[in-house]
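One chain comes next, on its own, written out as structure tokens in the form predicted on its own.
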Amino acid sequence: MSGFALPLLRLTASQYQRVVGHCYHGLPDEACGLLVGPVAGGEATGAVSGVYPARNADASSRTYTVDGKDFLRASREAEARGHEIVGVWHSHTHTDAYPSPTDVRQAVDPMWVYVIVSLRDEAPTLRAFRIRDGAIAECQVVLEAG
């Protein structure tokens, strides 16, 4: 895992498919959603117990804002599990799966993992990052059965 930041983000194959599918469904705009999982010692563990597709309130191909109602729904479901929102994903429709300056400015929670799905190439590319105080560090993503 050398060179990667913590946590190791663990997605099941079905969670991955749901995230990527939602990104394609959002075209031509950016799509977005929330990741829910356990937290230990104030940090996301990297396990994902739920993925929650959301409406992009910006309805834009260049920016995203998670719809407030969708955020509230995911937050309530996370709390019911004893978990928290541990990250957000969004798509880049024409650029790399790497945080843009706008993504860095909008990174509101240093505990969160920021997942970006690039739809620029024939096959989607999903990458995850920690963004803290403007610094970007990539997290390793592992797909698990399920």
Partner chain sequence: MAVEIRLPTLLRPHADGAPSVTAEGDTVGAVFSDLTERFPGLSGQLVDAGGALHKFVNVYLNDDDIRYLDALDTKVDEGDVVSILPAVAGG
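Only a predicted model underlies this, so the values are computations on that prediction, with no experimental measurement involved. Positions refer to the first chain, counted from 1.
Keep in mind that the form predicted together with its partner chain is not shown, yet the notes after this line are about it.
Just one of 97, 47, 66, 51 comes within 4.5 Å of its partner chain in the predicted complex, counting any heavy atom, and that one is 66.
Contact between residue 62 and its partner chain in the predicted complex is found at the 4.5 Å heavy atom cutoff. Contact annotation for residue 77: none of its heavy atoms lies within 4.5 Å of its partner chain in the predicted complex. Contact annotation for residue 108: at least one heavy atom lies within 4.5 Å of its partner chain in the predicted complex. Looking at residue 113, you'd find every heavy atom of it more than 4.5 angstroms from its partner chain in the predicted complex.
For the stretch 68 to 106, the set of residues having any non-hydrogen atom within 4.5 angstroms of its partner chain in the predicted complex comprises 68, 69, 71, 72, 75, 76, 79, 84, 88, 90, 92, 100, 102, 103, 106, in sequence order.
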